[in-house]
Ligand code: PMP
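Given as structure tokens, the chain that follows is alone and in the form predicted on its own.
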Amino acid sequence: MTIIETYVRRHPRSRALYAEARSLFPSGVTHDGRHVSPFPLYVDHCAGSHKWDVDGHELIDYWTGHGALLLGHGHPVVVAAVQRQMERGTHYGAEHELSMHWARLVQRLFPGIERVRFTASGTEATMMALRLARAYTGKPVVLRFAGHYHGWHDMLAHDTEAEPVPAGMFGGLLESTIVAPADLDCVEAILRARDDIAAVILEPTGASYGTAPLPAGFLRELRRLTEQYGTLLICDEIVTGFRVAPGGAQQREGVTADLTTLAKVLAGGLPGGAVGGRADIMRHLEFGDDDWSRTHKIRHYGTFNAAPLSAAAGVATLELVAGGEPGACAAERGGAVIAGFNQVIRQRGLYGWAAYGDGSIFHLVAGCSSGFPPGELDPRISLNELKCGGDPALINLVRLGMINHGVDLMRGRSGFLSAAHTPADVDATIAAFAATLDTIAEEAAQPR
């Protein structure tokens, strides 16, 4: 029985739910990343590092809430905090002290954040950061890097200069964004030649949370260039914030951005985001006299800004991760997964395959066209191939095969570890990977 046949046979309830969902949602899913052929997995409940699907199968989870759950599913301290807040009210329609506690924790861990404004999502945070940069500098253009993801809004939806205008996007907006390769010489040439760039925005560990890693020292040198040419630096730490270090990639690299965007771990698994930075930039959200309000203030509403339930989960989570122990534990386990995957790859002599990552975040590429040695990622591999995980058909088989063996990788090519993942989880994951690769090899050897 093939990997796909096994997957279909093991998940009849998921298959039935997907058939029903197709009449409710476009392509039957609520998030593009959850789409998979022949149908997505439906989950019933989660605890710690594990989850259980609707067909009763237990899986080791490497989605961890799309990276939001650094403490794992259902951490008792976070659950208790949300339950207490639920009894006090889910939405006050007013300011509350818990939001101040939340903000102080953010400022403590990110000293460059002198003022903060909470949002309901990371996409909203990057939208606000761009508007703040333009209002403060009076300049219209933002420089971004190819492949870096900053949400799905129009201002940053155009990923590369080579691709067509995204469907539904007004082409005139393209003039407000420069898409550049992650090359410092190119960045300097652009900044030297133009005086209309308000800010440079990036994911500080590389495109798509390090799927295409940045060279060592890139962030520090970029900070120097933006200061030299009078351009703001926006660090999108929506994924990396509180995860790669309590103060994000900026703490690890010794860099302070002018503006920082946050989400995911920030809200402890509930919806929430934030933008923060220098007080003089954030002043554009402040009220003032009539002239200031008419010409300089950015109007910003949001029904769920600093929502009490998200604030409760966020405070509980940040208090626990502030010391660094949960992140360090998750990073250690992540390194073990990467090492184990590469050992399996080398044992099988799989050219063009490798696992790599950054602490608690790991990635997998399979069947890359350059055919680099097993377990040794070729730095010349293209951005597009990295972001696809190599051969999409192989990655789909890995994704389904790992699920068949009790492990759910994010999109079949990435994973976020939490402090709840155990050495036993790591061992079982590596064993599942080995078994999946063996099944893929067996299928490939069968006559067609």
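These figures come from a predicted structure and were not determined experimentally. Numbers for residues come from their place in the sequence shown, where the first is 1.
If you look for the form predicted together with this ligand, you will not find it shown, but the lines that follow are about it.
Using a 4.5 Å cutoff between non-hydrogen atoms, Pro213 does not count as a contact of this ligand in the predicted complex. In the predicted complex, this ligand sits within 4.5 Å of a heavy atom belonging to Gly122. Contact check for His363: no non-hydrogen atom falls within 4.5 Å of this ligand in the predicted complex. Not displayed here, this ligand is approached by Tyr149 to within 4.5 Å at the level of heavy atoms in the predicted complex. Considering this ligand in the predicted complex, the lone stretch of 303-311, 214-222, 372-380, 236-244 in range is 236-244 [heavy atom distance within 4.5 Å]. Lys264 is the sole member of Lys264, His75, Arg144, Arg333 with a non-hydrogen atom within 4.5 Å of this ligand in the predicted complex. Taking a 4.5 Å heavy atom cutoff to this ligand in the predicted complex, the one contacting residue in 198-219 is Glu203.
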